[in-house]
Ligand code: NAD
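Given as structure tokens, the chain that follows is alone and in the form predicted alone.
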Amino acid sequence: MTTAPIANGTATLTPPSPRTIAGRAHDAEHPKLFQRVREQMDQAAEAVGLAPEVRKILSSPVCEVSVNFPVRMDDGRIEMFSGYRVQHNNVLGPFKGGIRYHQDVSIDEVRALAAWMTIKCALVDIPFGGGKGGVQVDPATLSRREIERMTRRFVYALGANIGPGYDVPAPDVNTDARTMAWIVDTYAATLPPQERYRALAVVTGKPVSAGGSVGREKATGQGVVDLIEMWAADKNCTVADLTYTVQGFGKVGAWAARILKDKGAKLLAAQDVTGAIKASGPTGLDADALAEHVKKTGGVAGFPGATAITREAFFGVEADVFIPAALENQVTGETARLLNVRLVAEGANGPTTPEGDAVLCERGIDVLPDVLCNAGGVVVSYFEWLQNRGGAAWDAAEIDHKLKDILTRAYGRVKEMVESKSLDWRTAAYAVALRRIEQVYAERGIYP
């Protein structure tokens, strides 16, 4: 392990080891998340007889970067922040994955998220590998200017560990298009003037006016709806026939709900960190009005015309589809027993624990796993990256068509694996992705 000063902070570059940077207080929040991903990969690998050397390679990240950096606050104080970037595997292409700002960000969580991105990109067959990053911070305690300074210092501390052809971040929890614009501007300032044109492709999820792609903001939610639509077709019904509930009404949950509303589905209940609400009347909750309410107030609580309910009552609402679109570990063994739905469509990363999976299977509730169901975001990120690299701009109809085409093929591959190997959908999705990665290692070999 080597440690070097970067931008008045420190960066630790770590060789592959799932136990690196142990002992941080926040690691206790997700003590088994990366281990869970490894077990999921192992289960799928056993099912398809994956080459043991590929299993060994994927069991640890390629590289982990830990940075500690100073930020000047509005009152003149200097505060230190800790951030991470984990690069899990890049055999298919540049590392790809979001950056989140959350007080519970830990190295183990970021490892797991990076590994999920490896699986996700391989599953939908786009030329990216898996990466993820985050800063341990509650952004609600900072001003906009403090968040901007923190973002710029984090990017500067990462230095050459990100780049358009190496590692391409994107928005995640508590980061957005504006955050990505700050990253582009900061990264460009580190390049010679004649190379600054390359900076546009260093991240995806930018504002459209600053090099972003139309359709990127709604992409993850759009993908969730596309997959629900495919599931509904297999059940001989349409989206318009469905009722649903949503946990988390941010970038993913709100867009999924708004698109489902346009297709005729009915939103019965919603829950987030501020509370849970249920429709008071037969027409359901207005997803567009609720999205505006959340934008103004910060949460679903207090939405006019809705009835406040407990978190337990929210999970027990009878509906066709439940969309967890918040954080990890929400569908546990306990909450899975409360669900009264036919399908769990995972808009968040890792929302279902192994215990929750077992209960859902036992109860016959279908699951569209996160690595498939929320892959719309990284697919349209890929489109944005291509547009930036090629100096092109695609229209919204082209984006939606290309997205659905890619997700339809991925859904078909997973469905075929489910049927041919008698696997559950999560294991089948992992198996399809692992087979894709195995193919590349078999053809390329390993240097030297």
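Being a predicted model, the structure only gives us computed values, none of them experimental. Each residue number is its position in the shown sequence, starting from 1.
What comes next is about the form predicted in complex with this ligand, which is not displayed.
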property: Among the candidates Asn374, Thr352, Thr245, Gln87, the residue which, in the predicted bound form, approaches this ligand to within 4.5 Å (heavy atoms); result: Asn374
property: The single option of Val273, Leu191, Cys361, Ala313 touching this ligand in the predicted bound form, heavy atom within 4.5 Å; result: Val273
property: Listed range touching this ligand, judged in the predicted bound form by heavy atoms within 4.5 Å, from 213-221, 160-168, 79-87, 301-309; result: 213-221
property: Close approach of Phe249 to this ligand in the predicted bound form, 4.5 Å, heavy atom; result: yes
property: Contact flag, Ala325 vs this ligand in the predicted bound form, heavy atom cut 4.5 Å; result: yes
property: Proximity of Ile119 to this ligand in the predicted bound form, heavy atoms at 4.5 Å; result: no
property: Heavy atom of Asp172 within 4.5 Å of this ligand in the predicted bound form; result: yes
property: Contact set, 329-360 vs this ligand in the predicted bound form - heavy atom within 4.5 angstroms; result: Gln330, Gly347, Ala348, Asn349
